[in-house]
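One chain comes next, on its own, written as structure tokens: the form predicted on its own.
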């Protein structure tokens, strides 16, 4: 028996790619024969770990884990493969968010949603990153068992050295509010800017907003955001664009508060990153945000920018409240610890294998 992984793109730094690499390491350490297959593979990933899809051959004894996150020709190909089929559902952003910004991406997401429904009776077992994602599969009447399994994260990576000069640049006396995520309409960076504008105007002129994330293929939305910031007007809004991992670390280490106004997240890894760096979180309660926070941070029930600004100011000025929030986030962070999530993954995948009669004792 082999346990193989399949996905459209395998890249470093991407949440889905990192999840697949972590699973490969876990399975390999457990003695399983395993490999990742993808249409596009980051050149830095060794050939012993990953191969192009064209080299993939399966038989009835194989277990194929498919990372479902977008529209792709692999969606139909996965359904036709021999062997037991496991889906890890990372969510697919509804296409409506990209209308008017990127027609190709809009179509890709729409096709992905159609494929998600098509696969409802083609999968033997499904793992979802969050309760929100699991709910989508159940709403589509998936016939297989559906369990929740958070994304596998390696906190050791966050212990690398950041660029000291860059950290110093942001530690200039200004209060740093940060949001991490690609520049995209579902992330609603305009609402982050609006809330920050009210915070800066009414509470703290000496403040900075750092919007950390690439705007590749979203240039039209990026230009709209810049224009919006200028018209408010709001000062000290930094669009970092694509940055290295070390530069990302520097932004986190300089941050005083994490502000999220996203309207669609399947999990939202940056929330966990903010927990790790002990940054108090204020987030709009949408999609999987509440699940990932797990009762920690501060959840906003609406997007009133003045109220959000008031909440931000209270947290940044009230040390007792800040410590209380961070204590809750520290507790939630333990749920995403490496040892716990790796054990949980193996319990779920080996439980499936036993139910299928593929595993007895190891």
Partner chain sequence: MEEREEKKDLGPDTGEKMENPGADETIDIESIMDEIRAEIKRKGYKEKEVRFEDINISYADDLNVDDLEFSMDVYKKQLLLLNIQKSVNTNKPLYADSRAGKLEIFFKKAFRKCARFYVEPLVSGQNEYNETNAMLLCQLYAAMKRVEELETKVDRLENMVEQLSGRPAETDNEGARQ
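Numbering follows the first chain given and starts at 1. This one's a predicted model, so the numbers in the text were calculated from it and none came from an experiment.
The protein also exists as the form predicted in complex with its partner chain; that form is not presented, and the subsequent description refers to it.
Checking 315-323, 37-45, 24-32, 59-67 against its partner chain in the predicted bound form, the stretch whose residues place heavy atoms within 4.5 Å of it is 315-323. In summary, among the residues 107, 235, 224, 182, the only one with a non-hydrogen atom within 4.5 Å of its partner chain in the predicted bound form is 224.
Though its partner chain is absent from this view, in the predicted bound form it lies within 4.5 Å of a heavy atom of just one residue from 255, 116, 261, 123, which is 255. The closest heavy atom approach of residue 202 to its partner chain in the predicted bound form falls within 4.5 Å. For the chain shown alone, residue 231 is a contact residue for its partner chain in the predicted bound form, at least one non-hydrogen atom being within 4.5 angstroms. Residue contact with its partner chain in the predicted bound form: residue 327 places a heavy atom within 4.5 Å of it. Contact between residue 51 and its partner chain in the predicted bound form is not found at the 4.5 Å heavy atom cutoff. Counting a residue when any of its non-hydrogen atoms is within 4.5 Å of its partner chain in the predicted bound form, the hits in 88-109 run 100, 101.
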